[in-house]
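Next up: a single chain in C-alpha cells, the form predicted on its own.
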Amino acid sequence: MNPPNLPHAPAEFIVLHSRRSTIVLEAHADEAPIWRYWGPRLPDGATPRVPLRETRPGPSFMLEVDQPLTLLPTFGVGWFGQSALLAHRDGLDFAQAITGCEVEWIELARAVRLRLTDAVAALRIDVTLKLDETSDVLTLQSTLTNLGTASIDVQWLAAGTLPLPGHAESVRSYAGQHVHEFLLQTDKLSRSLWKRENRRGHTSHDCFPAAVVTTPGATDDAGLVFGAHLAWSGNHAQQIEWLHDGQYQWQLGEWLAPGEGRVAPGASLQTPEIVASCSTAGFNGLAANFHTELRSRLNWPGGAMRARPVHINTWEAFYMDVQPANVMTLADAAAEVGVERFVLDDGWFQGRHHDRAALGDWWPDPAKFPQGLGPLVEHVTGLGMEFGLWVEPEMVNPDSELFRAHPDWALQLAGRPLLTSRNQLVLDIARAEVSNYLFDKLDALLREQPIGYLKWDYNRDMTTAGAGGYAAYRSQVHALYALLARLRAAHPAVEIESCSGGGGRIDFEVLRHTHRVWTSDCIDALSRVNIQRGFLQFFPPEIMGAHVGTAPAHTTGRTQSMGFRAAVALPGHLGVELDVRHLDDGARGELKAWIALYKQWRERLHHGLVWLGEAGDGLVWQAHGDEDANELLLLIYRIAPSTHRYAPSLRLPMLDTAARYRVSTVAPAGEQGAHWFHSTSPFFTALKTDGVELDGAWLAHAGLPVPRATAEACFIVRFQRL
C-alpha cells in the first residue's frame, strides 16, 4: 500500500450504461474502485474528469489519506463505516485493504469484473457488475478466494455495496408474519443505521430481502427511487448507513451463521446476487424494471410461458381428509366451471391423516388409494385438466417410516432437544443419501403418472440446524437449488410452485428453478389487496398465485362477496381454493363467469406493464397494459366505505396525453353481484354499453370519474387507443 504522503495510482473511470441509468466507478491499480455515481442515465462520455480526492479538502482530526466509499469498504485500515468484509484467520488478518485492482471487461459498458487483491491478508475478492440494457437492472455478486496457507473465517461478505445520494429520504421495506406478508414499513433515513436481518433459514414471511429507497417528491409514477433485492432463499441482511460526506451506502448479503464462512486455502466463498435498479418514474417505473428482469430469468418448460392455466387446489376443500370418491366429484365440479389444472394437496401419501405424521413417506397411502394415484389422475386428465400434486420434501415427521429408519437424517445438534414446528423436523438435504432418497421418490411419482405440476411447500423455520455439529443453513439452500435443478433436468415439462406456507420463500433465486409462488396462505380478499400490491413492487403478476377462497375466509373469519374475491384474484395466476361442489347455482355460475373473464384477459394481464395507484377515500387501483398504452385494463378496488359525497376521480398518468381512448367497463357475463359499482348516471350507463371517448390528456391530469359503491367492490375499465 502507498505511504500516506504519496498519491494513489492514476485513475481510470469505469462507466456502465443502460437505457435509463448509469454507473461510474473510479478505479486505481492499488485500491478498491471508488463509487462515483449510480443514478439516472448520463450522456455518453460524461465522467467526473478528476479523481474524487482532488475535490475533497480534508477536515480536521482525520487520516492524511482520504477514505471515500469504495466498491469493497474494509475494516481496520482507515474506513470507519460498515465494512463489506469482516474476516480473520484465528484472530489474525482481521484487517483488510485492497492493494491491487484489475479491470476485466465482460461486455464493454455493460458488464465488468473487478479483481481485487489484498496481498497482506492473502485474499482476492472478485466483484462482478452487470447493467442490463433492457431492464435497467444492475446485478452485483462477490466471490472471495483464500490465497493464504490457513483457513479464513468470514463473518460478513456483502454481495455488493451500493451508493445512495445524500437527498435519499426514506426506505420502504416489508415486514409481516405468516398470513400477513408484505406489510409496508416506511422509515426516515438519518444518521442512524438502518438494518434488517433474517435468521429463519428461508426467505421468511417477516423480513423480505429487499427495499426501496425514495428521494423527495417520489410518487407512484414520478421521482427518483432506488430498489434492491437479494436473490437468495436463506438467511440475509441489509443495512443503509449515512456517510460523512452526506451520502449513504447500502449493503446486502447472506447472513452467515458461525462457521459457515470458513474458507479453506485455495477455496472460494461466493455470495448471492443483488438485483438492483433505479428509476425516475417512481415506484411503478422501478417495478417495471424488476418485472422485466425476473421474466428474463424464468426457466419455463419449452422455453416460453404459456397462458397461465386456471388452477384449483384441494386444501381448503378437504384439508387432509382426502378420499378418492370426494376428490373425483370435486374434479367434476371444477372442470364444469372452467378449471384447467387440478392440484391434490396434503393428505394423499402413506399414513397422512393429520399433520402429526408421515412427512417423508412419499408414496400413495394404500388405504386411501389402493390402486395408487392412477385412477384419480386418469379421472382428472379425462376431464381435460392437468394434474398437480402437493409435496414438502425437505421435511420429516418424527412419526414416519423415514424418521424411524434414519433419525440421523434430520438436522440436529448433539445435546439439544429436537424442536418441532407443525410436528415436523428439517431433513439434512445436503447429505447425498438424503437428497438421493428424495429425488428417487419424487422421480418415481413423476414417471409413474402424468403429473405436470408440483406444489413444493416448506412449513417451518430452521432451528438446531446442525449437520455433524456444524451450522447447515447455507448448505441447505444450495442443496435445495441442486435438488430442484436435478428434478427439472429429469422432468423438464413439470412446473413447480414455491409455497412455504404462502409468502415464506419468494425471491429471485428460487424463481430460477420454479414458475409460480403462493403469495400468502391468507385468501381473505381484503387482506390480499395490500399483500399483492407489496408483491407486485418486485414480481410480475403471472407468477402470483391468487385464489378465490371460501367465505368466511379461514384465516380471518371475514366474508366478502364472490365477485370481490374473484376480482382481487383476477390479475394474478388465478386459482380456486374452495369446495365448488357446495356452491349454490348462483355462486357457481358467478365463479364460472369470472373464470371465463380471466381466460379472456390473461394475456393482457400477464404481459406488459403494471401500474399501481391510490385515489384516496378508500380507493386503490392497478392497471395492466402494453408499454405504449395502446390497451389497458384498469381494476379499481374500494377497500373501505367512502367518506366523500362524490368519489374522487382517478388520474391515470400512464396514458398517452396525445391520444384519445374508448373507455368501457368490463364485467363477467350476467354480472349482478353486490360487489359491483352501481350508478344510474348517464356517463356510467354509457360506459356499460357502447363506451365513451375520452382524451388521454384529460384522463392523465383531471382523471376518470368513479361511481359510488359499497366497500369491498371492484370496478373494471378497458381503455383502447383510437
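All values derive from a computational prediction rather than experimental measurement. One rule holds for the numbers: they count along the sequence shown, beginning at 1.
One more form of this protein, predicted in complex with a small molecule, exists but is not displayed; see below.
Novice: Does residue 555 make contact with the small molecule in the model of the complex, using a 4.5 Å heavy atom cut-off?
Specialist: Contact with the small molecule, no.
Novice: Residue 502: heavy atom within 4.5 Å of the small molecule in the model of the complex?
Specialist: Yes.
Novice: Check whether residue 535 has any heavy atom within 4.5 Å of a heavy atom of the small molecule in the model of the complex, and answer yes or no.
Specialist: Flag for residue 535 set to no.
Novice: Although the partner isn't part of this model, could you tell me whether residue 346 comes within 4.5 Å of the small molecule in the model of the complex, counting any heavy atom of the residue?
Specialist: Yes, residue 346 sits close enough to the small molecule in the model of the complex that at least one of its heavy atoms falls within 4.5 Å.
Novice: Using a 4.5 Å heavy atom cut-off, indicate which stretch of 330-338, 368-376, 133-141, 456-464 touches the small molecule in the model of the complex.
Specialist: So the stretch in question is 456-464.
Novice: Only one of 439, 409, 194, 390 gets a heavy atom within 4.5 Å of the small molecule in the model of the complex. Which one?
Specialist: Spelling it out, the residue with a heavy atom inside the cut-off is 390.
Novice: Of the residues 115, 262, 512, 422, which one places a heavy atom within 4.5 Å of the small molecule in the model of the complex?
Specialist: That would be 422.
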